[in-house]
Each structure stands twice: as C-alpha cells, then as structure tokens.
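One chain follows as structure tokens, the form predicted on its own.
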C-alpha cells in the first residue's frame, strides 16, 4: 500500500543519512518527476551540494520548480534548506582531493598519467566515503546470511559482472560453494527453480540497472530465498526485492566510473564470509 505524501510527518531531516531514509520512505508515493529528482539527488550528492537550482534542474531533466517541490515534499521550506544537508555531508571530506584534481586538470588531462591521476584521486574519495557511510548493520546481516547459506548464487551483468566473478573466484578458493549464474537469454530465468530456501543469492547491479537481474532476484525473493544486493542507490529497483541492501557509490571522472570501491567492498565480504565459515566448521 502506498503512503499519502500529505500524511507523512513534516519533521525535517537533520543529516544526509536521515534524508536518504526519508526519500526511501516516500519514494513509493512520489510522482514521476519527484522520483526523478530523488534518483538524481542520491546519485549526484556533490552536484546537489554545489550547483545552482537552474544547473541542477537542467542536469536532472526537470524544471527548477520541481526541485523546490521535491524539497518541500521532504519537509524543507525550499530547495536551499535541503541543499544545506547535501553541503553538510561534504564537510568531513579532505579538501586536498579538490586541490589535487585541480592541479591534475591544469597539467593537462589528455596524457595517460593525468588520466590515471584523476581515477586514483576519485577512487580515494569514493573509498573514504564508503568507510564513513557504509551501513555496518546491513553489512553484518549480509555476512551472516552468506555464511549460513548452503550455496551462494552470484549474479551480475555488464559492469557488475567483474564483481560477482571475483567473488566466485575468491570464495571458491576458500572452499565456499558458489554458483556463478551466466546470462543466456531465457535460460537464466529457468535457473531460479534450482535455488532453495537454504541458499543465498548475491546480486550486483548499478544504474541504469539490469532488468534481467531485477527480475531474477524478484523471483528468488518470492521463493523465500535470502537476497543480498550490491547497488548504488536505496531507490534502485533491486532494493525492493532484497533481504539486505549494500549501497556503494563510485565517484566519476568524465563519463566513466571505476570499480575500485566496489571491489574493495566485495573483497571484504569474501574475506569475512570465508572467516565466518572457518570458525563455524571448527565449532
């Protein structure tokens, strides 16, 4: 059942985490344009913090008035008040990132060294954000579910495929039973029947999200399977069909995003699951 936006408590989010939680709560009831604002804001928090209303509206593909309405829907008087929350989440960040990136850009971005430098600095920023913002409760739940599973099924397509492929390799080296699901058209959908309630399904998908992955996860979730998802937004369609959601964001350089932070989180998950399995086998 969807909620009436007017019936939601008008309490104003006090920080970025409570703002994300509020967006997640209201997303089911948001009209299309407001939901478009929400997705853009969560995917681009730095741009929301530093841009003008006109610039942000243009980038998000909406009218400035829609941004104002979006902010008011969340309980703020206007866009500027909401923007302060996004600006606040930047306070803890080391300003040297911006300074270093500026120097790299000034030295010329067409050289291999400059491109590498940009990606390194962006990766440092994303790793810092992960350490500060990771949901440790969700992380612990994920490790518990994966450690207790008889079999761990792994699914990720396109940009997310290297993540699940690496998990398959690393967990396998530690003796954990895994099954890397390959996409071969309709055959993928048929494989959901071989996943039972004692197994776990780990899926990874990032914007614009793979509909095949979401559909497969939905069917597994409907069968009572524990679904752990790794994605880039609490508004990702995969979140609605997951037992536990792990959120990770990669800072971009131009139109490209690396997988450095995502792979760091994936490695941590693999090591933690392997360690938990080892102690379980000894008890």
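Positions refer to the first chain, counted from 1. Just so it is clear, the structure is predicted and the values come from calculations on it, not from any experiment. Here, rigid core means the biggest group of C-alpha atoms that superpose within 1.5 Å across both forms.
Omitted from view is the form predicted together with the DNA, to which the following refers.
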Next on the checklist: If the criterion is a non-hydrogen atom within 4.5 angstroms, does every one of 31, 63 and 72 touch the DNA in the predicted complex?
Outcome noted: yes
Item to check | The unique member of 78, 175, 211, 113 whose heavy atoms fall within 4.5 Å of the DNA in the predicted complex | outcome: 78
Next on the checklist: Please identify the residue among 44, 218, 243, 53 with any heavy atom within 4.5 Å of the DNA in the predicted complex.
Outcome noted: 53
Next on the checklist: Can you tell me if residue 239 lies within 4.5 angstroms of the DNA in the predicted complex, counting non-hydrogen atoms only?
Outcome noted: no
Item to check | 4.5 angstroms heavy atom contact with the DNA in the predicted complex for residue 68 | outcome: yes
Checklist entry - So which of 124-132, 79-87, 195-203, 142-150 is the stretch with heavy atoms within 4.5 Å of the DNA in the predicted complex? => result 79-87
Checklist entry - Would the C-alpha of residue 82 be classed as shifted by 2 Å or more between this form and the one not shown after rigid-core alignment? => result yes
Next on the checklist: Using a rigid core superposition, assess whether residue 234 undergoes a CA shift of 2 Å or more between this form and the one not shown.
Outcome noted: no
Checklist entry - Does the C-alpha of residue 149 move 2 Å or more between this form and the one not shown once the rigid core is lined up? => result no
Checklist entry - By 3 Å or more, the Cα spacing of residue 84 and residue 118 differs in the predicted complex; is it closer or farther than in this view? => result closer
